[in-house]
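Only one chain comes next, encoded as structure tokens, the form predicted on its own.
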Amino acid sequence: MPKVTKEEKKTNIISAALKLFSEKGFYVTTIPDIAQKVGMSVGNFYNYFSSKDILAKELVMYISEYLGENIRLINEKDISTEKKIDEIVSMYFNMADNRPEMIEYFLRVYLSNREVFGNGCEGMICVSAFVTELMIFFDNGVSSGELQDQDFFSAFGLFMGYLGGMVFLFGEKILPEPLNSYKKSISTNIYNALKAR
């Protein structure tokens, strides 16, 4: 049986913690819960993360880097801004379908327990990988003349409001159709709201 590397164990902890925090909540989930889920002792867990708060911040950065890397790949494509919006929406909805714990963690832990993330995670520090790539996306869209030049936070709020709202409705099982069936209409709505007049 191949030996599990320290990095693989850390990834296993991150995956287990994302699921547990998303299902049970941040305060209810204990370090023994996480250690048990990955099959290690509590003492061994502390070799990877010295506290639950540090793990919580690491999870936000993990999600941010995952999203940032995926958006970077879309940003690098030689396609229109409208098509990039299609691909970002598709990527985000696929993540909600295939890795719902990532979205759940962000919505139910990061946004709902800001007191946990105050020290060292102020503002957008812990989500900078994701935010930076969206800034690049907006800058490129404005430079190409496809998007209107506006305040970043207004554009960011609009974009993420559409995505977050739909994923929230999906997670609450309110949508009458599968999430992917809304990709085109949401992409079109975002593009129409952001495009240059």
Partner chain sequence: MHSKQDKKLKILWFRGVTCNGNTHSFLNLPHLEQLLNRFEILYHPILESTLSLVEITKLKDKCDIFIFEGAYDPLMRRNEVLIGDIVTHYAKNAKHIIAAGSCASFGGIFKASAPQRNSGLIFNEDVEYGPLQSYKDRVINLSGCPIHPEWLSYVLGMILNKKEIEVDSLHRPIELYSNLAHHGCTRNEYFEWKVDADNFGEKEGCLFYKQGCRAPMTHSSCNKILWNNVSSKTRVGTPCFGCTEPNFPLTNLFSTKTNMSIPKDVPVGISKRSYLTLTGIAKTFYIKRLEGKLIDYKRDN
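Numbering follows the first chain given and starts at 1. Being a predicted model, the structure only gives us computed values, none of them experimental.
From this point on, the text means the form predicted in complex with the partner chain, which you will not see here.
Partner-contacting position among Leu147, Ala56, Ala35, Leu163 - heavy atom within 4.5 Å of the partner chain in the predicted bound form: Here the answer is residue option Leu147.
Heavy atom within 4.5 Å of the partner chain in the predicted bound form - residue from Thr30, Thr132, Ser41, Asn47: Only one listed residue qualifies here, and that residue is Thr132.
Option from 48 to 56, 150 to 158, 22 to 30, 166 to 174 whose residues, in the predicted bound form, bring a heavy atom within 4.5 Å of the partner chain: Result of the contact check: 150 to 158.
Non-hydrogen atom contact Arg72 with the partner chain in the predicted bound form at 4.5 angstroms: Taking the distances in the predicted bound form, the answer for Arg72 is yes, it comes within 4.5 Å of the partner chain.
Heavy atom of Val142 within 4.5 Å of the partner chain in the predicted bound form: Val142: contacts the partner chain in the predicted bound form.
Exercise: Ile125 in contact with the partner chain in the predicted bound form, heavy atom 4.5 Å: Contact check for Ile125: yes, within 4.5 Å of the partner chain in the predicted bound form.
Proximity of Tyr62 to the partner chain in the predicted bound form, heavy atoms at 4.5 Å: Output for Tyr62 is no: heavy atoms all beyond 4.5 Å of the partner chain.
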